[in-house]
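So this first bit is one chain, no partners, the form predicted alone, shown in structure tokens.
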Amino acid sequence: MSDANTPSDVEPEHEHDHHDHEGPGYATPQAAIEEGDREELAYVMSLYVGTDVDAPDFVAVVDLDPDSETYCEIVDRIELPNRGDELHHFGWNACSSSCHMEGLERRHLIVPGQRSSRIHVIDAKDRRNPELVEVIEPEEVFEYDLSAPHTVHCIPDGEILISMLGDADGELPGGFLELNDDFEIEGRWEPPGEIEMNYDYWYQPRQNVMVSSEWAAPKTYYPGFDLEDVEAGNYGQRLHFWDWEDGTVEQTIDLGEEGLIPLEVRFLHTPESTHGFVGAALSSNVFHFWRDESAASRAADDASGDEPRATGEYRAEKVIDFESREHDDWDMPVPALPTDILISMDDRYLFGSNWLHGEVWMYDISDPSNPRRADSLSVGGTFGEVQEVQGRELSAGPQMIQLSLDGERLYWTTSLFSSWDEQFYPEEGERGSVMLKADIDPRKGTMELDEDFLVDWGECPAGPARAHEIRWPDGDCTSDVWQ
């Protein structure tokens, strides 16, 4: 057991007045739960990269209103102008972190292409019929010696920050690209050289901290997964804790072999909290991290004269471990590969997906240093007990997940990355992805597969497509941050 403080122990470091809430989003996470409407639409990254279909990627608008005649259907497609972008992750121009910015709207989707480094801006004022309004071409990005855009977060003053996984040649180091509120490139957010590898990030402005994780150089992971790259140390295993205001790394934690390929990283939604989690995909573990205030106390005790008072140090500890499983078709035990995690808006549950094993799971994280397994579903993937829904055979395991604001519906898609799909689930490109759903009972801590819900990317007009990240029009559990 760690010596971490639980969220209830954490005291705000400063007063934050929510009476002047004028901007986009919600004043608090609890307000998002209480005031947010049920999700009626989803925007889903959809791509043809790595399939036999010669068509541009698109953003799918999916009808999630059970009272609608088009429930479970893709009701609109925003086709992009070029082929081969490999849409992956995306985000809003504004979220709840800008809740005091009067006049700012959560209206534009920022949609990067992972392979092309092209950045698209989509106006979603008409929620059912968004339109592409602007494109930042790759050459404009390369000018800043960056490529392979990944995580998009708005930042509190209306600007947009994008993690970039490589330099202009697809090698290391990566960094961060900043856009202004007119969707123009401002430049690099951080001084070059702060990190080598990059992937996902999350920030807690009230704590003046940002955390980022590591995948690899684009030229390493683009062709597919190669075990020799792991042995050569070409994949990441570290977390970086940044000074949010200065844009500099304050502390790096090497998670070791137990933390290979740390991907999605989440702080709790409570803005006073310094607790969070990261899923280490290849090692099939989840780490809890937190700021150890006792380190500050010890440093203060040792300090004398004008020495500055330390502000604590971050710690990380493995708290969930998924065992590899034997399979006749594999020469080695099959790792679970937890490729996505998210935290419910009330900070009570951690959800995740084991793409290779075929499992979605939920852990009670009321005590974040001691997660308790609440429930799971075995569906799709290499070992899933459910291998078809409504007669539709599943091609891959659960991958990108998204949870309703009230924590009662969990959705997921099945594509990871085109070349990795081809390697582990080649049928995904032939049949297309699916979107599935589970009903969650937060009070009991249970999940139940909704076998009446299926959105099928195998039936797209141009041919089967892959489906990746999911967003709600009015905020969700993986894009909203509070200050």
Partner chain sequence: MVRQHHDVTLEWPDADRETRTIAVSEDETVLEAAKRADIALPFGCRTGACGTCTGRLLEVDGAEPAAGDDGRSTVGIDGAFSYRRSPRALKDRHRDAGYVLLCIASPRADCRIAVGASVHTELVDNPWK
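Residue numbers count along the first chain shown, from 1. Computed from a predicted model, the values in this text were never measured in an experiment.
Not pictured, yet referred to below: the form predicted together with its partner chain.
Using a 4.5 angstroms heavy atom cutoff to its partner chain in the model of the complex, none of 268, 348 and 449 count as contacting. Of the candidates 71, 144, 222, 383, 222 is the one whose heavy atoms come within 4.5 Å of its partner chain in the model of the complex; the others do not.
Though its partner chain is absent from this view, in the model of the complex it lies within 4.5 Å of a heavy atom of just one residue from 175, 335, 358, 352, which is 335. The stretch in contact with its partner chain in the model of the complex, judged by heavy atoms within 4.5 Å, is 42-50, chosen from 436-444, 42-50, 26-34, 59-67. Using a 4.5 angstroms threshold between heavy atoms, residue 171 counts as touching its partner chain in the model of the complex. Taking the partner from elsewhere, residue 229 is found to have a heavy atom lying within 4.5 Å of its partner chain in the model of the complex. Although the partner is absent here, residue 285 is not a contact residue: none of its heavy atoms lies within 4.5 angstroms of its partner chain in the model of the complex. Using a 4.5 Å cutoff between non-hydrogen atoms, residue 106 does not count as a contact of its partner chain in the model of the complex. Using a 4.5 Å cut-off on any heavy atom, the residues of 414-446 that reach its partner chain in the model of the complex are, in sequence order, 419, 422, 423, 424.
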